[in-house]
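Below, in structure tokens: the form predicted on its own, a single chain.
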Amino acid sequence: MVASYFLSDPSVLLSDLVFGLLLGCVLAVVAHGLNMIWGVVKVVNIAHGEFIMLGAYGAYFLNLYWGIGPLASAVFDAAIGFLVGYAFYYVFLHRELRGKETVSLQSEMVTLVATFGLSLVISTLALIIFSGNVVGIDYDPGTLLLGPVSVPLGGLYVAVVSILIISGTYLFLERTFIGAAIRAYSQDVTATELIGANPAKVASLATALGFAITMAGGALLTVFISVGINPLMGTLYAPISFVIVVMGGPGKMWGSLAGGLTLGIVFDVLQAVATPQIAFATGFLLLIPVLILRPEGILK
């Protein structure tokens, strides 16, 4: 049935592959913020989905009151997320992580419970403030014809920005002293001190960057969910982010893109022949063979 559907018109498969790649890019950058925090600071942020939601609402209100598009809104959201990330680290993480050479099981549980509580608080407040109404941004810069495929320019712009964000993060970590300090912290906290950096400042910066990318990703995501911004949207995109990070490997910057593209293609192609629920379930099930065959992630 699936084969006959696509063989009847090969351009349908090509279109779904293109749209899946575009969707995968934005899913990758949404997960990339989690990858920074989880992969570097070794903290699993349960409230990740709520900050994606706040980024989306930030883009919505910037568009509603000032007419700012999602791409420009991502810059404002990133700035807000950067400040929030610093506050998040010193309020929820610093007391538990300071002075420790490794993140112990006790510390993991403390930070897990703290971020879970924060998740409940944010989602509850969001329901009270924004109510349960679904909103969206009307953003349609047109389409680009590539043979038989019509590529939405909005999705193409977001894909380019998403790849630039991931590339910029990679270059920052690989080519700068601060980036080297962050990589050292992710491998061995004491190694951070050996190169002359303060572990707490390094961890707080990595957390701030993670939040900045997360909220920027929430803004970019609004291009794909024109009528899907709501207080509970984090319950969908947080699990997707976790699957992407595990697929690509925590701490691997290009792993975010690899995992995002994989899920984006699976989600979009399968929705052409099955229900969205089956498409999402299949994408999540891909995590099982990855964990068995390549527990370190699909990238080396």
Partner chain sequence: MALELRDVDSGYGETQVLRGVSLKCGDGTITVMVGPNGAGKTTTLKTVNGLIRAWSGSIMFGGEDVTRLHAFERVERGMASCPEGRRLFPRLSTETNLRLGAYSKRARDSVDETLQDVYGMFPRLRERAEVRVGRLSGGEQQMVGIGRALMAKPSLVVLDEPSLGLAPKLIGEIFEKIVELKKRGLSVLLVEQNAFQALNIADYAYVLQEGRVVNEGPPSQLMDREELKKAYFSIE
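Positions refer to the first chain, counted from 1. Just so it is clear, the structure is predicted and the values come from calculations on it, not from any experiment.
Not on display, but discussed next: the form predicted in complex with the partner chain.
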Name the stretch, out of 159-167, 212-220, 181-189, 70-78, where some heavy atom lies within 4.5 Å of the partner chain in the predicted bound form.
181-189
Heavy atom within 4.5 Å of the partner chain in the predicted bound form: which of I129, I195, A87, L171 fits that? Just give me the one.
I195
